[in-house]
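Before any questions on how it binds or moves, here is one chain, the form predicted on its own, in structure tokens.
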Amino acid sequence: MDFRSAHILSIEQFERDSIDRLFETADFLAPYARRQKRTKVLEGAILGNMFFEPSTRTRVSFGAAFNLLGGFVRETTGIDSSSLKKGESLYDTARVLSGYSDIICMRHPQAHSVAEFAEGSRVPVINGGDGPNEHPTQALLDLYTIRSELAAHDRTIDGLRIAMIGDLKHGRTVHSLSKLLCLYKNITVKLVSPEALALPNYLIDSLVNAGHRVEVSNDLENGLKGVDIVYSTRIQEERFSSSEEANLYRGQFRLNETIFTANCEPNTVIMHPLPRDSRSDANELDNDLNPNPRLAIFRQADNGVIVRMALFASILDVVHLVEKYEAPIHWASRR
């Protein structure tokens, strides 16, 4: 894959070698993401952050990643505050906004909407999540996190054992991560969910056809046994026809310190794409897990900035210029 000026719309664009190159760039940019170094390589460039569906981490981390490379960010949030509310097409919106930006990140509640938007754009577009379809940058940061956590124990992604738990039907992060895992070897995937919220069959078939072992069940405790990674997801209430329907499944797969200790191997890593639903009737990952060093959800969120910096630098073709445009850091920060 050639990253230069490319749209990033689907995880299916990626091959294993392009992921390796992207992660090497992420490793190189990590000190800049952690404010140990500073660069102004994108000074004067503008990111259009177009979020037509609620977001905290994705929206802010895209903006932070661009700022940390020296660029500026302009945002639109919510359909009601945009001309889409007045009936403007995605194509027309893209033609206009791409004239104001050098690169655009877009989130939209409808599947394949970002690809439609990209058809009208004059600059690269990154999919920040298109309804229940895909979330490619989340999958990339998830895989980068898995790589980093396994490396601490001299392991690689090949041979990974992972449990995916929760709303696997609507969870676009799980869909994209499943597609990425098909590029690797000898993986065991445990899919734990209510039958009605199972991972779509086409994704299960893809995992099986890639040579992976797939186990499907609704037994949480059994699903936690013998895995390297527990990837928990929330009930995607916004994808249900009503909150009452979502409530039928809320809180069915709660993980706390007692359950973790009883069923997981000592080095099992806990991940979640966030936000975790901490309401009492859901409580997917209990707060008593917060002191557990195997809880990686905040390291995972930090990695979102690193990976998105790598995407921006690769797409705008400035990786080789980052060090040339280094600048001094003038502030003190507690990190």
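Bear in mind that the values here come from a model prediction, so they are computed numbers and not experimental data. The first residue of the sequence shown is number 1, and the count goes up from there.
Just so it is clear, the following notes concern the form predicted together with ligand NCD, a form of the same protein that is not shown.
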* Could you tell me which stretch in 216-224, 134-142, 198-206, 117-125 has residues with non-hydrogen atoms within 4.5 Å of ligand NCD in the predicted complex? => 134-142
* Asked: Does the 4.5 Å heavy atom contact test between T58 and ligand NCD in the predicted complex come out positive?
  -> yes
* Does P273 make contact with ligand NCD in the predicted complex, using a 4.5 Å heavy atom cut-off? -> yes
* If you check in the predicted complex, is S98 within 4.5 Å of ligand NCD, heavy atoms only? -> no
* **4.5 angstroms heavy atom contact with ligand NCD in the predicted complex for T173** => yes
* Can you pick the one in H212, K179, H108, R234 that has a heavy atom within 4.5 Å of ligand NCD in the predicted complex? -> R234
